[in-house]
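There is one chain below, alone, in structure tokens, taken in the form predicted on its own.
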């Protein structure tokens, strides 16, 4: 068989807490350092240590970033899962098996190599604790040797992983060399897979979405961060804290920000809203269960028209669900969160660049519209490794919205906090402490009129909520607009959002090979805009692809379009907790087009 270059998948099955993460990141970065595009997906359990974990490394000559169905090389280090891991492999898969693991039934159709990891690691260190960590670097050396990954690329990755820790770096390099030597002494004929040097990662970075979003928020003027730890959102706040500590001090070294770790998610929402009322740019980050707790405060923020930003790094639910699995199940929930008639601005990042951009954009929109703004990332985007171009510096002025200063108050006859002056539904506000007789008002979560006076009169309430709806309508044209990619002659359309985007990019290429041309619309925010309906009107059929059971975006589009039928707008769903792959998209669309699925 011919050699497949730079286009295959490596899966490592290990135990959470064993130190394998460092080895997996080194292996991934080594391929990246060879100039080959990569994507890393970590599937890990909801505990600190002891349960199975899997790390998938995809090398893609074409730069595809989504999870890929199928594995060409398996490293089986975990006795508890080795049998199941091996059973899932297709014939011809290379399996590197720890020789201390006894399989229930050995496969004769696999390239199975039993590796004496325990014996090999004993050559490196006499300390048992170190051996448990270094053993993982041995499989890095073995895989690298078989695939042709250069030693310089590995050393560069190790130096980055253990930056400032020369002793640790040297020990790990020694472990890699032991693995390389073993692979040289145990060659494989016609492996069929190889890494060859390219220049496709030159100037690129590797970052996770949580860190990217945190960086964007800091450059977007974040002043108050309140949070309560919850997987998979904690590293949004942890990263933001690190960036704030690094970048946000005045000339005297005094911090120009505040961080509050609260007793729960409800309290963190309260701090964010209080800070927003005071005029500070504020945010929190959480996941689905935390959003549930925040519902009442979100309604308060919406009705009193106080800016707030809430990152929801989505995971599998309902209840506490699967905290370390990914999903897009909070779309409908967050869009109308709280009691009564509410509708929120929701940003839907698909890439780490989106996370960075939306980190600042969410703060701008929250102040412009005086309302809570949600950023719906997910575990796959938030916690996994993504290749990206470097981010540009945010040099645009902050958009503070309709804030009346003392000077502006001098120029108007009357200030009515909840009055629509400009016809866009967005009122003017003043900040507490503004030194002017006209500046004061009561912030009311109870019924009020446009002067912020207490009122239970039906026409006052109706006027307020109708204006809030008008404000939401104004947002349709001001939130990040959809991105459309067309193919000449396409009659089939695809709509997706968030990390589903990456599966669509690859899936469209696969569909084209099957003779189906498609146009693609990536939705980037709610509320939806008229372009979505025009896109649907211009196609015979449109498939909405998403990662939840009920087709939540599909239903939101149908509600917006009202007259749309199942024949015109169809739903393709993936919701088993794994990141969606291109084949799942393609199979769903082919089935809808009544094309036989292989």
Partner chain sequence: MAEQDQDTPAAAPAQKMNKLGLSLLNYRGGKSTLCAGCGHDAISAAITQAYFELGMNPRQVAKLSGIGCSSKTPAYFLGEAFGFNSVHGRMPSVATGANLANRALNLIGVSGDGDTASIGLGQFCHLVRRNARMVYIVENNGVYGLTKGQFSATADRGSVQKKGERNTYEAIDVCALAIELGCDFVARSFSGDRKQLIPMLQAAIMHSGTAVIDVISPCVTFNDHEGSTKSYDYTKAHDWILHEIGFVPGADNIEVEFDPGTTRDVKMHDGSHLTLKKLATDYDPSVRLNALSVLQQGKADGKIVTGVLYVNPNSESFADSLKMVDEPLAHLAEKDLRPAKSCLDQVMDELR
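Here the structure is a predicted model, which is why all the values come from computation and not from measurement. Numbering follows the first chain given and starts at 1.
Not pictured, yet referred to below: the form predicted in complex with its partner chain.
S.K.: Going by heavy atoms within 4.5 Å, which of 164-172, 505-513, 207-215, 111-119 lines up against its partner chain in the model of the complex?
M.R.: Answer to the contact question: 207-215.
S.K.: May I ask you to choose, among 264, 422, 106, 127, the residue with a heavy atom within 4.5 Å of its partner chain in the model of the complex?
M.R.: Exactly one listed residue reaches within 4.5 Å, namely 264.
S.K.: Considering 258, 412, 87, 483, which brings a non-hydrogen atom within 4.5 Å of its partner chain in the model of the complex?
M.R.: None of the other options qualify; the answer is 258.
S.K.: So in the model of the complex, does any heavy atom of residue 238 sit within 4.5 Å of its partner chain?
M.R.: Judged by the heavy-atom cut-off of 4.5 Å, residue 238 is in contact with its partner chain in the model of the complex.
S.K.: With a 4.5 Å heavy atom cut-off, would you call residue 68 a contact of its partner chain in the model of the complex?
M.R.: Because no heavy atom of residue 68 falls inside 4.5 Å of its partner chain in the model of the complex, the answer is no.
S.K.: Though only this chain appears here, would residue 431 touch its partner chain in the model of the complex if you measure heavy atom gaps against 4.5 Å?
M.R.: Judged by the heavy-atom cut-off of 4.5 Å, residue 431 is in contact with its partner chain in the model of the complex.
S.K.: With a cut-off of 4.5 Å between heavy atoms, is residue 51 one of the residues that contacts its partner chain in the model of the complex?
M.R.: Close contact exists here: in the model of the complex, residue 51 approaches its partner chain to within 4.5 Å, heavy atoms only.
S.K.: Though the partner is not shown here, which residues of 287-316 have a heavy atom within 4.5 Å of its partner chain in the model of the complex?
M.R.: Counting only heavy atoms within 4.5 Å of its partner chain in the model of the complex, the contacting residues of 287-316 are 293, 296, 297, 300, 306.
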